[in-house]
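Heads up, the chain shows up twice below as structure tokens, two forms, tagged structure 1 and structure 2.
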Structure 1
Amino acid sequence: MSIEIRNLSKRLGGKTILDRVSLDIPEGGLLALLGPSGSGKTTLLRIIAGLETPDEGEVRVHGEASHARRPQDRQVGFVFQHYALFPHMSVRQNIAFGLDVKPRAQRPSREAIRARVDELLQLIQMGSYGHRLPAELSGGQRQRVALARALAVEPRVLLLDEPFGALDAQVRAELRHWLRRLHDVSKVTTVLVTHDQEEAMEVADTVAVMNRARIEQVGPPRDIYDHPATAFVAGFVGQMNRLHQVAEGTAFARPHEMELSLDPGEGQAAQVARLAPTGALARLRLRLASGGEVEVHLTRDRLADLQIAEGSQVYVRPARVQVFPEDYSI
């Protein structure tokens, strides 16, 4: 189902949490709300779910004003950072819970519930785990079960609030790939809240970057990264070097867009203060002779060609500069 958000505002204790936010989420899309803590993204998610009420504006789900339905009638699946599985119930019982508690007139038959649970266990790649208790599962497995439980009732919309925030980096990376595959199969309109830019860029069709109660930019991940609309977006999504003031504002360049040379006259003089080869890239921290520091990312082959190490004298210049009228701050 499509979601239309129009001029949402929310204030709490004199503080503006959302400030005239508007957003369109197409049917079957996966949108990430990306931003720092306190930017308003979780509040926006809770308003979509009906768990909070806006002071102004409205949310329409497939053309219908959502305030016309109680939260429990909105067919919204909600998954939190902490899995909230019932510890005394098996994996099968946890997944079936939303179906088991439906009013008798709406409740599927036992056979239909069993078939739906079987289908979801296969979807989350846990077909042999149905009789285990949550305590017998890893954190990543528990979060898969939480997602299956949310999908069991066939929601029109799936809302995910930092679903992988409590997991370690390797498990997060694995679940990002899994979530994307799950969405491609289920086709449920999904909104993911995260402060992790890598997560948003890897999983979502569309990213909405929030800051200080407003949406600063909406677009495909590649556009957000390559063509940031504001200095904040440029600094928050990916690393960015703040270079210098120009007539139009402040110049920025990304680390991989910095060129390094050993020839004087090929840029500003600098010294390699830190060199960290990581995977296919080498990350260098350069101390400029004019003051300040910049970060440069080189391929391992380019690093080998230059034959530089910590303490080496180099010359650096940006291959591409982006200029914004304002500086960025989080």
Structure 2
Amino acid sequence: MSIEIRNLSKRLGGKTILDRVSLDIPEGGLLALLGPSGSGKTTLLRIIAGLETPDEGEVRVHGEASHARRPQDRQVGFVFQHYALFPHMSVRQNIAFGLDVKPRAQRPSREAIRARVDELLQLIQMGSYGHRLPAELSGGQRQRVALARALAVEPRVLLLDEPFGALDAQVRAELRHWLRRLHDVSKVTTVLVTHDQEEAMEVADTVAVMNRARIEQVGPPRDIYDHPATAFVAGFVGQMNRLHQVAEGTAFARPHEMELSLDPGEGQAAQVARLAPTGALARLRLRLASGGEVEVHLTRDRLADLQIAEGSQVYVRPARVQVFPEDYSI
């Protein structure tokens, strides 16, 4: 294991930020810490970096306990949501910073530093931007520079705190794919903090879903989506319809796992309140005769077969239900 987190707890002003959190992050993997704001994911990341100290528990990186080490000595690359580039330094100077401040004995030669910066500028596809100042770059470019700066010192672990949170949706999607390709090349153990489930699912090998100071589930994105461990995970990762109470708790179903029919008797009566054909899927909002609303996703072909429109009377039933003990309302 590259990073082992054992029973970390952190309280701040009477509020529990982290509650006995344990997590293993494999060497060379890309793990996403996914959760709503206030779930403790950023604090966990900052503790790994040494920017904050836990009240209890420990972090081991490559087997060594790191709690006594200062951030300077941990060899972590940290990328901040708001880039944190040094505004008075050019792109080159920013990227070279970590190499420039090394003690003389470990510092590479000027030529070696220049070569390394060139290489990183190529990697972030900003070869001709070396002499610009951060203020002259777009948000996406700034974040790429910040990433290059963190990679320059060849960190053992790369930590990204909502790195694309301040960017437009389109730039965000591009950078996401770029980050994944970069990781496939560099193979640096990476932890990505995000509240965007799409981002986590697309980029990460492993997703750890956090809620209220705890980790609710850890697993590959597909497992998290198909077999959520808790009602919270089910609702946070992808959409979920809350259906009805059963003996063990509450039954839920995904919008694309709902079946629609025009025959009475094939489920609950409902009326199409809203129909939005977007892309390959049509998204329907149904108003149940018994009260409440459910979301249903149909393929465009299925929609054409059914020949329904807003206001149509339909019958709906779940093809697959998942039952969770009631501990969180979606």
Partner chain sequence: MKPRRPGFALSAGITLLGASLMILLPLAALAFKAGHAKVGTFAALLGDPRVRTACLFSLGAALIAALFNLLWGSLLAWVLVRYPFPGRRLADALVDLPFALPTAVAGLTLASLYGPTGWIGRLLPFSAVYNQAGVVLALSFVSLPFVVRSLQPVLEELPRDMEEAAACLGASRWATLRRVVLPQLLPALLSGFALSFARAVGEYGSVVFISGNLPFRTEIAPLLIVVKLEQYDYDGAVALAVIMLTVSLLVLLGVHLLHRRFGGASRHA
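FYI, numbering is relative to structure 1, first residue = 1. No experiment lies behind these values; they were computed from the predicted model shown. Here, rigid core means the biggest group of C-alpha atoms that superpose within 1.5 Å across both forms.
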query	finding
Either 1 or 2, the form predicted in complex with the partner chain	2
V237 C-alpha shift between structure 1 and structure 2 of 2 Å or more, rigid core reference	no
Rigid-core frame, C-alpha of A251, shift of 2 angstroms or more between structure 1 and structure 2	no
P108 C-alpha relocation of at least 2 Å between structure 1 and structure 2, rigid core basis	no
Rigid-core-superposed Cα shift at L133 between structure 1 and structure 2, Å	2.9
